[in-house]
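Before any questions on how it binds or moves, here is one chain, the form predicted on its own, in C-alpha cells.
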Amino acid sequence: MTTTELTPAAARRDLRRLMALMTGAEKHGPAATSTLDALWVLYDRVLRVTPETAEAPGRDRFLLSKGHGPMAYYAVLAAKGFVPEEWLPGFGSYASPLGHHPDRTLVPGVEIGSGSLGHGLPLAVGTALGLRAQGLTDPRVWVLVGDAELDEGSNHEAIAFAGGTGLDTLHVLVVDNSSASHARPGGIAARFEAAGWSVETVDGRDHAALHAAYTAPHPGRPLAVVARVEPKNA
C-alpha cells in the first residue's frame, strides 16, 4: 500500500510515526500537530507538485508562513518523497538540513524560508502576482498561516489587496487553534469576507471536509479556508 492509498486514520498514524522520529528541543509540538491533517490533505489530494516537478514553472506553490514547529511539514514532505525519511531523526541538529524553520535552499520542495510571522501571506500575494506577470495563470498559490499570525499588521494589507484585486489564484489556509491574542468567534472568516474573499470554515481534522473546502469554486476571488482544531492549551 502506498502512502496515497492510506485511509485518513492510517495516514494520520503514519505521519505521527514520521513526526515521532524528530526529537530534540524547541519542537513547538502544538504548532506542528495543529497543521498535520490540513497539510496532508493539501499535499495528498490538491497540490499539483511532486518531487519530479518541484522546479517546474507550472507547479502549484505552497508557502509555509507558520514556520515554527515544522515537524508536520517535514513528515508530509517525507511521506510524499521530497526528502528521505532518514533525514528526520537529525531534525534541528547542527548538520541537518531540517532546521527549526524550513530553509528553501536546503530542503527540496520548500518554496520560502520562514522566520518572523506575518511574512508568508504578503509573499504569497507577490508570488501570485509574479506568476500572473509571466503569463502563468494555471499554477495555484497556497499559504498556511496560523490564527495568531493574523495579529501581524502585514497581513491586513495583503488581505485587503488580494481581495480588492480579485487574485483568484491565491489560497490561504488558516489553522485556527485559538492562540490569537485579539480574536473573537467567527472573526477570521468575517475579516476575509469583508475584504472580498471567498471563505470556507471547516473542522481541521475532517479530511473530507478539508478537501471539499480546498476545491470549492471561487471565481474572481481569492479563497480562505479556516481550519479549526483543538485549542492550543487544551
Partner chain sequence: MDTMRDRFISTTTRLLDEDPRLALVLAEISRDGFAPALERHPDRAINVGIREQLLIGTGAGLALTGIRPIVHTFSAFLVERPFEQVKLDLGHQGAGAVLVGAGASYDWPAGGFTHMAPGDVALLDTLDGWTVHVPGHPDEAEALLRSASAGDDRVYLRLSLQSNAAARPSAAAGAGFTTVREGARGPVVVAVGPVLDDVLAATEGLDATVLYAATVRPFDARGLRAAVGDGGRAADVVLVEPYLAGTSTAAANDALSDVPHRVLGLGVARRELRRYGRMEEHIAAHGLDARSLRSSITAFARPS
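Residue numbers count along the first chain shown, from 1. The shown structure was predicted, so the numbers you read here are calculated from the model rather than taken from an experiment.
Heads up, the form predicted in complex with the partner chain isn't pictured, but that's what we're talking about next.
Chemist: Where does the partner chain sit in the model of the complex: which of 68-76, 86-94, 156-164, 143-151, heavy atoms within 4.5 Å?
Modeler: Careful reading of the contacts points to 156-164.
Chemist: Quick one: does residue 107 come within 4.5 Å of the partner chain in the model of the complex, counting heavy atoms only?
Modeler: Because no heavy atom of residue 107 falls inside 4.5 Å of the partner chain in the model of the complex, the answer is no.
Chemist: Does residue 81 reach the partner chain in the model of the complex, with heavy atoms at most 4.5 Å apart?
Modeler: The answer is no: residue 81 has no heavy atom within 4.5 Å of the partner chain.
Chemist: According to a 4.5 angstroms non-hydrogen atom cut-off, is residue 122 in contact with the partner chain in the model of the complex?
Modeler: Yes - in the model of the complex, heavy atoms of residue 122 and the partner chain come within 4.5 Å of each other.
Chemist: Can you check whether residue 100 is within 4.5 Å of the partner chain in the model of the complex, heavy atom basis?
Modeler: Close contact is absent here: in the model of the complex, residue 100 is far from the partner chain, nothing within 4.5 Å, heavy atoms only.
Chemist: Can you tell me which residues in 120-147 come within 4.5 angstroms of the partner chain in the model of the complex, by heavy atoms?
Modeler: Contacting residues: 122, 123, 125, 126, 127, 129, 130, 131, 132, 133, 134.
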